[in-house]
Each structure stands twice: as C-alpha cells, then as structure tokens.
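Next up: just one chain, as structure tokens, the form predicted alone.
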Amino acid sequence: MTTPIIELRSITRTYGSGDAAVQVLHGIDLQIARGEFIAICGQSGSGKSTLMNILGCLDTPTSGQYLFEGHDVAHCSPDELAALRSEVFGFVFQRYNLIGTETALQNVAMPALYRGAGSQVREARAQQLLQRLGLADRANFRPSALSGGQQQRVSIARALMNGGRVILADEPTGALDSATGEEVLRLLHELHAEGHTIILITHDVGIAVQADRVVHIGDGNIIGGAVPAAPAAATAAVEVVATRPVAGQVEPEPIHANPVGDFAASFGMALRSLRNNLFRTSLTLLGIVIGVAAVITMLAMGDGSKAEVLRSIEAMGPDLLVVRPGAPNIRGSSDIKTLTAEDGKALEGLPNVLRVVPENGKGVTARFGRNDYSTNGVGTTAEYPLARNWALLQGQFFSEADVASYAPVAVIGTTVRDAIFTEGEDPVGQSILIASVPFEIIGVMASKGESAFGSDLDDNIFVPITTGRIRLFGQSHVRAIALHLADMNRSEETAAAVSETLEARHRTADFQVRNMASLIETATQTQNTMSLLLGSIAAISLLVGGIGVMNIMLVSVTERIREIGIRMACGARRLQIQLQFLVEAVLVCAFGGLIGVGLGFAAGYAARAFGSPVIFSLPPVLMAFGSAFVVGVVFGFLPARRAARLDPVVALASE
C-alpha cells in the first residue's frame, strides 16, 4: 500500500499542567491519502480545531507521532514547522485572516515572500491566481473593500500561492451566505480534481458529506472514518489525480534562505506599517528627533564656546609668560604695587626670552570735539604689537624713540575709534584729550574682540609707558610684565627662571607667573568637560527616546498579534518575524535621526543668529545619527523577539 501523505498515531494534546491540565485530544489515529478530499466533522468543543492546528503544523502534539510522507514531524523545531507550512500547507480560514493593511495582491503574495521568491515572481504568480479566481480587478483593494466571498477567494488564492499541496479549510463557509458558500465549496472541489489534498473542517454534516470521506470526532476521539473504507482503491485513484498538473499555476520556487530578499521584504512591510500608523509613528519619532537634535546642537555650541575661549586666550598672546603683582592665590593683585619697570629690565637677559613688555594703566576719559568716552589707558613699550601678535589696522605703533622721548602719541582700539569719531572719519593724525592731556593719534589697532575673561580688547588707548607714567598714571609701578618666549615647549623652565630672578630681587614671592600655554590647556580641558556634560544630557534624551520606541513597538506587537499569527501560518520563520519588527524600529529611529540632524542644524544656526558661538563638525553628526540607529537596534530587539516567539495558534486566536 502507498504511504499516506499524513498519518497520526496516538496523538494527544493537553493544555496546561498539574491540576489545571485539560486533555483535548485522546490518542488520535488518522490516515489521509494523497489527493484525498476529507472532512473532519464535529460539534464545538469536540477537538476538531485543535486537530486541524496539529495537521497544519500550527501546533505540536503532547505525545504520539505525526508522520508526513513517512517522516516524523511531531517534534520539529519552530522553523522546521514554518518550512512545512510554507512548502506544503495552505490555509483557508472561516474569518479569512487577511491582513487589513495589505492589498489583496500583497495578501496573496505573502506565502511566496516567506519562501524566498523574488518580488517580480511573487507579483506575477499572485496576479495569475487572482485572475483565475475572478479577482483580477480587485488586486489593489484592501480586505475592507471586498465582500465576504471575495475575501474568502483571496484566502484560497493565498493558500495556493506556494502550491498548496494540502489545503486546510477551517469552516470556510461559516461566515458566508448559502450562495457564496456553495461557490467556495465548488472551488474546493475544483482544487481536489486538480490533485490537491483537501482537509475540510466543519460542524455541518450537510457540508461534510460533500467530501469523499467524513471523519467524525467527538470529545477528542475519532468516532469513525479514521481510515479510507477501501484503502487500495482510494490510494490508486488519488495517485492518478495527484499526477495532474495544477491548471494555470506557475510551479513555486524551492524554499531557500535569502537574507537580502528577507531584508528587502521586511523593509517594504515596515514602511507600509509605519505609513498606516502615521500618528503613532510621529509620536515615536519625537523622542529620537529631540535626542539627536539636542546632541548635535549642544555639541556644536560646546565646540563653538571652546573655540571662542581659545581664540580669546590666543588673542592675548599665545607665546607669553605674564607676571602680575601679588602673591599666588591672592585676589585683587591689580591694586598691589610690587612690580616695576626695572624688574622687566632684569628679565630681559633670561634664556628663551625674546621680548619683555611691561604694562601699566588705568581708566581714563578720552575727548574729541564734543564726544567724551571712558576707556582704559595702557602704557607699554614699542614691542607690544610683536609680543601680543597684534596687527595695526591704520597708521603705526609708537617707536622706542617715542618711549625714550616721552612723546604724547597714542594708538587706539576700534571700540574707542567708533565711540569718539563719526563713521568714515580718519582718526590718524587727529589730536584728542586723554585725561585732559593732548595726544596725537598715530594708529588704530586691528580688532581682536573679547578676551577670555570677558573684557573688550579693542576698548584701549595705548601710549608710551614713560609718557603714561608721567602724564596719566602718576606711578612707577606696573600692573603686568609680558615675556614673549622663543620656545613655548620650554615655558615651564623659563617660568622657573623668572620666579628665581624676581624672588632674588624682591626677597619674597610677591608676584604671580601665568603660563598662557597652561591657561590654554586648562581652558581646553574645561571646555571639553562642558562639551561632555552637554553631550551626556543630550544622550539621556536620546536614551529616553529609545525607551519610547521600545514601548511603542511593544504596543505595536500587542496590537498586531493576529497579523503575526497569519504570517506564521503563511510560513514565516521566527527570524523573518523578528527581522520585520526590528526593521520597523530601526526605520523609526533612522527617520527620527535624519529629522533630528536637520533640526539640530536649524537650532544651531538660530543660536548663531542670536550671537552664540556655534561650530558644526562631522563627528558629532555621525555620532548622533549612529546612536539613533543603535537605539533602534537595541530597543527594537526585545519587541521583535517577543513577536517572533509568539505561538501561532495563540496568535491566530487573538482578537
């Protein structure tokens, strides 16, 4: 005798455990021949639906053997069962079980997608089946736009997509009117005549008798019809039918792993799902958008602030040691008078010192015509521009001869120029009063902006130190001595020599030596710390956005449990389900990342328009977008894994 296509031996199915255990099937023995049309008939609660789920590999028996073509599949892995559903079985459900967000064409093509068929092959085959079933003009309609009979025909077309060697029809006419029900039964008879094995599950004896054999089930036991009445004759008949080609159907491709195809299909389904839930997708995007934008904006502002501070320090002279009066760590050193011009002379001969520039000064009032302006007067030497690396905008700086001759000449900053002269007026050669003393303006310094300490470097009037001491300041002490070094790598060594020389002169440490290179390093470290802090705050918002993505995806999985069950019934493997939901999470985060990048740049440019220093660079942008991508993978994994591990039977029963 030819081996039956399906044989059940002592199959039991028990739900629950312990005292709560309920045995639904009690040692079922059943044989189904290839190409047979069999009806399993029983009342509600008889176990027929449980039996159908086991026959279709949607469920596994508690004990016993399930042989398909002689091979035991009772203990197959979930993916092996999925392969059987994809390759062998086609399901026709009472409630159609079509995915509402997909078109008729997409619903029909779904099983071939999980079989690894290419998109063109899937679409061509689905179109062919819809045309055969009279639904060619409804291919792009969603289930909600189809009648019950049309939806059931779409369900039958889907069952045939991968060949449908075994068609499992669960109460296929239960939700239809009598005329439409008869049409569905006619289609099943046609499929049987073409060689398909038809297993019809029904409670209606009038429908069951249309099958070649009726198997009655009650209280989890087969009451009658477990084996064909004439096995040899039945087998011979169906063997002949089974050799006939299925009319008008393209032979399905062999099942095979196709990672690229799986990803492309998951990408398309994810896009459709996100588009169909646009409002929820927008809410999910929001956290990622804010997080990415915050990272980019805050780091750009941090980098801008850092660059501004460093520029200000460098504007004061990057190759300098500055000596100020007062012992270290004592505030108010400007009021302490411990440094003199003679101290500067003593430092001129030290190694690595190119120039020694003493400075003195105080607040003064400058007058030109009727314009008075309070500014800062600075007495210094002719080498000041070289030591401070400060160019002139107009005219010239005073010379050593001017210093030696106590010349009443002055060089002004651009802030002073703008305050006392009208626009377009040339200040060079003009005479102004400084503290009621007449001075001739011989030059204008180029603009340097604010210092690292917030003072306006351009709000100064420079005069020879000798002239300032006699005519403006009335004191011989200086407020600072700047030393221009030849090699900043030897700055520590030079600072030690300066301290040693001045301590020997003063017999005490009543001065402070500031290394501008150390100040730059300290400022850099401080700004880096601030940037890290800002970035961390922004990263927290990105993390919160990721948690939001996970929550929304968990909600999405909960809402779409039935859809997941349908996909599993169509042959989707766990990895394919997991990939679909993971791609959805990654797409949400990727879209959110792109929008966040744009918003971050917009916020940065807005901050720059209001005067904040902002510098954009590629690494923070890549880091922010990459973080959004990683967030999608990390926080999308758990919901995707949960979706992939759903039981197909439980998922299909979900409302």
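From a predicted model like this one, the values you see are computed outputs, not experimental measurements. Counting begins at 1, following the sequence as shown.
We do not show the form predicted in complex with a small molecule, though everything after this point is about it.
The partner is absent here, but in the predicted bound form a heavy atom of 24, alone among 646, 633, 638, 24, sits within 4.5 Å of the small molecule.
Comment: the small molecule is not present in this chain, but in the predicted bound form one of 56, 620, 61, 47 has a heavy atom within 4.5 Å of it, namely 47. Stretch 39-47 is the contacting one of 39-47, 606-614, 590-598, 622-630, since its residues have non-hydrogen atoms within 4.5 Å of the small molecule in the predicted bound form.
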